[in-house]
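Let's start with one chain on its own, the form predicted alone, as structure tokens.
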């Protein structure tokens, strides 16, 4: 196991700055998800750690080993960093068998033939593909190809595994299964892993630590529960989860809560900004905490039904609340066309 430390990393392509002084720390044995929308810098950060990109500033350290330091002109070649890398495309040799694909990298290091066989078999058995050794990539399913790519990365026994959107080529059902076994496997081996994804559910399912990026900067880092349940900014709140969002006028601040005027109603929310009374604020609340009631409550908005959908496991309703569309989910049909939608005061944030 090893800890990864990234300090003040900067990288630009011409005038386009991709990484803007980005820093992060991981704990030994954690799975860390780099999460963000396209162009946020997550893959560039991963490639910088792997040695496939060269930042202009900053430092990268794996355990006690410095693998990049711009100030001291240290930039170890990718093969000298000792890291495992799983590409989005899997990058398997089509003309080589599964065994040969897994063995290819360590053979280049001139490892003795018997040791190659032993390490490759151990890696393949650990990932559940020992029976596929004689097949070629075109004879494998997407999930099996993914396992081959992971076995190839793990055969080196690297302290850290880097995975660049490894589930993106799988269909939705297989992705759900794959994120379970991939986390299980990494945790069983005790390795640290850095996992790039744009899918928030995937990040929360796989990771111990989620690092949310936007425009080359870290927005928030913490456990999945922290990012989902305690976002530190409007961006973090709206990126995670399914949300209701509306604007209103801040009319009172009381401790860690603020009262917001929305249309003819007033609602309380947790105060997440330094705005003052009279300013416009944005309220965000997770869809699943909204409930309907036939009578108004302390924290409610008058609502008129616009449309509804049946999604198998639940019904989804969309209401108009003072000009804002608000979603409510329910496991059983809701009978009323007009109602009041309520939130717990600690289930909404005002930014």
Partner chain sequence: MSKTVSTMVIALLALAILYPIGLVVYQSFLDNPFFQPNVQWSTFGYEFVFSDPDFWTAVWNSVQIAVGMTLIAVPVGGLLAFVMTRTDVPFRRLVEGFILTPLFISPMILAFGYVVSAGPVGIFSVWFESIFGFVPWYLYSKTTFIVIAGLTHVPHAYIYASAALQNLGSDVEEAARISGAGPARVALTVSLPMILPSLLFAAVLIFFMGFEMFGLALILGDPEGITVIATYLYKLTNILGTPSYQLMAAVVVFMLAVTLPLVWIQRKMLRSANKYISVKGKAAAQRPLKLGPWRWVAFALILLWMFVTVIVPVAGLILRSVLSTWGQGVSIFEVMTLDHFRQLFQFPQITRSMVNTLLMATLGGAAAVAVYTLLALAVGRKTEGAAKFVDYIVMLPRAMPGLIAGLAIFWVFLFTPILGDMRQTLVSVWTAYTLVWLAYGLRLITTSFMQISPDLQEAARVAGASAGRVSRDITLPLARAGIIGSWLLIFIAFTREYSTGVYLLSPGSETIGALLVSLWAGGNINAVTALATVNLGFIIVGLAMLWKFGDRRNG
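Positions refer to the first chain, counted from 1. Note that this is a predicted model, so its numbers are computed, not measured. Throughout, rigid core stands for the largest set of C-alpha atoms superposing within 1.5 Å between the two forms.
Here the subject shifts to the form predicted in complex with the partner chain, a form of this protein not shown in this document.
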item: Close approach of residue 94 to the partner chain in the model of the complex, 4.5 Å, heavy atom; value: yes
item: Non-hydrogen atom contact residue 40 with the partner chain in the model of the complex at 4.5 angstroms; value: no
item: Close approach of residue 67 to the partner chain in the model of the complex, 4.5 Å, heavy atom; value: no
item: Residue contact check: residue 228 to the partner chain in the model of the complex, 4.5 Å heavy atom; value: no
item: Heavy atom within 4.5 Å of the partner chain in the model of the complex - the one residue of 62, 284, 50, 321 that qualifies; value: 50
item: Position in contact with the partner chain when the complex is considered in the model of the complex, options 277, 113, 108, 180, heavy atoms within 4.5 Å; value: 108
item: Contact segment among 236-244, 148-156, 186-194, 200-208, judged by heavy atoms lying within 4.5 Å of the partner chain in the model of the complex; value: 148-156
item: In the model of the complex, residues of 185-214 near the partner chain [heavy atom within 4.5 Å]; value: none
item: Core-aligned C-alpha movement of residue 136 between this form and the one not shown, 2 Å or more; value: yes
